[in-house]
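Coming up is one lone chain in structure tokens, specifically the form predicted alone.
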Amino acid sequence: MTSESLDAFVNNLETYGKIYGPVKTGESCSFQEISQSKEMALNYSRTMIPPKKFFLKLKERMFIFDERECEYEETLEDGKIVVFGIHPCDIYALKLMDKIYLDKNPDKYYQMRRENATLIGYSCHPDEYCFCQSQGTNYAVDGFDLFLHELKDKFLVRIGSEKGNKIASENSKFFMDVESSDIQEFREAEGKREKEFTLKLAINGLTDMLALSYESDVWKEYADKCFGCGSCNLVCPTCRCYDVVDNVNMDLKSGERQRMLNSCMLKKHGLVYGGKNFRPTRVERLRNRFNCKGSLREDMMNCVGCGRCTVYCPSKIDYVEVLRRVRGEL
């Protein structure tokens, strides 16, 4: 697809739902509703809040209830959306979320939103905080409907799903056959991009290294710097802890159930009935977060190397630095 065709193609995507893309807001970018491609900052490094916000709401009403009337009404959305310009690391993050929310006991709210969404990936260039290459998440092989790789004056477009194939077929006037020169340009562009990564993290054996460092002084050192604000959880594309609360009205018979994202870095996260807290100190909470991100519980690393937790940490705690300390490299 030629670069000149991008505007018209994006306009045509309105057929498939509201279009959201990366928009520059102050010093950072966020996915916002757009009407034309020129509103997007497609050269962005990362958004502050990841695309998971479209599928896991910060706070949402699950249902309302009325015991007297024997009424129960779920809050289900059915709006279709197109999320344009997702980077490979965030695509991998959504694949991880799919494993958690769809594989065994599908979450109907998450499932509905995923089915109503069209994901269009976009090639990116790393900055000094990106270490997705080390995590193996710098190139998305699936998990998207279409993926656009920016070349000199055109895009090489990969199709990743039946939905993507349908979109390409219905918009065939914007696409042309790939020529050998396009393939060569794509190879060169990807080769150049691979060399742009400067931040490295050795992940071989990282899970064991974390387990062996349970009593390490590293956790106390960084916990003393940590504000315990939970910003790292908020911006992380794979954090998914949530709490469920029933808000009962004054009649004690009606109300609503809410689900809201929670943070393992907050003291109340470990608070249970009777006032007990199974993770009362900041040292324990910080150590838990790093062990969670280094986990292979879903058969893939729970960190995708986007760098958000480092960039947006008000205490300037460097995620890679901590893990390199754990490995004994610093």
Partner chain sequence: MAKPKIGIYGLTGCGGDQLMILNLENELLDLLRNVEIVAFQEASSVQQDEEVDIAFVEGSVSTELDLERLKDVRKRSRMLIAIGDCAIGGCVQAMRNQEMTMKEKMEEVYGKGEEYFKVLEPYGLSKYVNVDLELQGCPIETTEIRQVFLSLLHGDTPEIKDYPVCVECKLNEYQCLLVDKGMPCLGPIIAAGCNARCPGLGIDCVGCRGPIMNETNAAEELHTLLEKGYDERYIENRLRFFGANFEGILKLSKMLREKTGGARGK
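Residue numbers count along the first chain shown, from 1. Source: prediction; values computed, not measured. What we label the rigid core is the largest C-alpha set whose atoms superpose within 1.5 Å from one form to the other.
Keep in mind the form predicted together with its partner chain is missing from the figure; the text below concerns it.
Visitor: Any chance all of 84, 164 and 329 sit within 4.5 Å of its partner chain in the predicted complex, going by non-hydrogen atoms?
Guide: Negative, none of the three is within 4.5 Å.
Visitor: Find the only residue in 116, 231, 216, 133 having a heavy atom within 4.5 Å of its partner chain in the predicted complex.
Guide: Spelling it out, the residue with a heavy atom inside the cut-off is 231.
Visitor: Have a look at 45, 28, 37, 302 for me and say which one sits with a heavy atom within 4.5 Å of its partner chain in the predicted complex.
Guide: So the residue touching its partner chain in the predicted complex, by this definition, is 28.
Visitor: Please name which of the stretches 140 to 148, 75 to 83, 254 to 262, 172 to 180 has residues with heavy atoms lying within 4.5 Å of its partner chain in the predicted complex.
Guide: The contacting stretch here is 254 to 262.
Visitor: For residue 13, is any heavy atom within 4.5 Å of its partner chain in the predicted complex, or not?
Guide: Residue-level check for residue 13: no, no contact with its partner chain.
Visitor: Report yes if any heavy atom of residue 316 sits within 4.5 Å of a heavy atom of its partner chain in the predicted complex; otherwise report no.
Guide: Heavy-atom contact with its partner chain at 4.5 Å: present for residue 316.
Visitor: Residue-level contact is defined here as any heavy atom of the residue lying within 4.5 Å of its partner chain in the predicted complex; does residue 52 satisfy this criterion?
Guide: No, residue 52 stays farther than 4.5 Å from its partner chain in the predicted complex.
Visitor: Even though its partner chain is not shown here, does residue 226 get within 4.5 Å of it in the predicted complex, heavy atoms only?
Guide: Contact with its partner chain, yes.
Visitor: With both forms fitted on the core, check whether the Cα of residue 33 differs by 2 Å or more between the shown form and the other one.
Guide: Comparing forms between the shown form and the other one, the residue 33 CA shifts below 2 Å.
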